[in-house]
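We begin with a single chain expressed as structure tokens, specifically the form predicted alone.
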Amino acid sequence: MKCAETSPMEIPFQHRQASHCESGVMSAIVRHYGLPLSEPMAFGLSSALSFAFLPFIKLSGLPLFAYRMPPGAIIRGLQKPLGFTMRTETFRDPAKGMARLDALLAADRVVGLQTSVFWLPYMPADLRFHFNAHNVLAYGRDPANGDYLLSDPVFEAPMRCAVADLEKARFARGTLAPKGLIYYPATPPHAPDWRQAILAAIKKTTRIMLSPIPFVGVRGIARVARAIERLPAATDPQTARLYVGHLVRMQEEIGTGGGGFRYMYAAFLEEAAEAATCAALAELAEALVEIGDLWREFALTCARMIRDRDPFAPAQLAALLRAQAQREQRFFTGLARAAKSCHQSPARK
């Protein structure tokens, strides 16, 4: 797949590779419309870090595991702290949805799109599965053949997409169907009181992770441990392995993954420590990196068991998850205390 080349019809736009699609798209949009914003700051300021185990929502017959807030949370979550409004539009008619995108590009708009990974032809074959909440930016069209010029944050360089392919990707059906969703700033973003915005965002994140709801936050992690412990490893090993494999795929392949999101939030805390003049946040960032490493080790342990390199032992996996829940309980309790202490102390000039 060729990368986009500059042409007179393109909007001046700087593509940057990112760790995750929605945080990468939103940091790019905010930068393009006038306010420098890193991807970790976009992720942290929107309080996007979370955990959820939703057995009543099925993906291919298996429960939903989420390591961040639902799709759209970063788009919505940045508006209040940065004092701007994002306009979102969906369409029943694909032709009208494509025409609206063309009109916005003709008006020199950079536009966010929700798409299906499966229908984006530039995606490698092993990553093309039916996931309908992948975010990209459209910033122009090739005057020679009409291809859309896309900034897909997970790629090093911009990409091209034919009209028919992008239409399929924008109007795919199924779970999280995008319905042609487009989004763009109706008003420009503004620099906030960084200290106030950061501490408010941290408070929200800790409230989510320490939530009393049994399917959310650290309680949700512990509940997954119980579910894995009850898998029928002896009577139905294929189903048990499928369940664990699904958990690993949700963690490491869909989005940035359990460890990856925690690394990103740790980077946010390091940046926030300076912006909010709160040194304790930088110290906590180091602890969160260690937690992220342990999520990656958990995924590796699962993979070795699924591939029969190690004995398949659900009880061992459950114990690892319970330990992880305890670590995150301690971490987010400490983070809540640190943010409260910083809020109560005067900001250093």
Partner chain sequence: MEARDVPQESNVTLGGHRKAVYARDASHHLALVPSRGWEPEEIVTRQAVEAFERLAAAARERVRNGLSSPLEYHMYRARMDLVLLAQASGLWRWRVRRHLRPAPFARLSPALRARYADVLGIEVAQLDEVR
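Residue numbers count along the first chain shown, from 1. For clarity, every value in this text was computed on a predicted model and none was experimentally measured.
The next section is about a form of this same protein that is not shown, the form predicted in complex with its partner chain.
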property: Gln17, Gln14, Ser341, Thr333 - the one with a heavy atom within 4.5 Å of its partner chain in the predicted complex; result: Gln17
property: The single option of Leu242, Ile208, Ala227, Leu199 touching its partner chain in the predicted complex, heavy atom within 4.5 Å; result: Leu242
property: Option from 49 to 57, 319 to 327, 35 to 43, 64 to 72 whose residues, in the predicted complex, bring a heavy atom within 4.5 Å of its partner chain; result: 35 to 43
property: Pro188 within 4.5 Å of its partner chain in the predicted complex, heavy atoms; result: no
property: Residue contact check: Tyr183 to its partner chain in the predicted complex, 4.5 Å heavy atom; result: no
property: Contact of Trp194 with its partner chain in the predicted complex (heavy atom, 4.5 Å); result: no
property: Close approach of Ala315 to its partner chain in the predicted complex, 4.5 Å, heavy atom; result: no
property: Non-hydrogen atom within 4.5 Å of its partner chain in the predicted complex for each of Ala125, Met159 and Arg296; result: yes
property: Members of 91 to 122 lying within 4.5 angstroms of its partner chain, judged by heavy atom, in the predicted complex; result: Phe118, Trp119, Tyr122
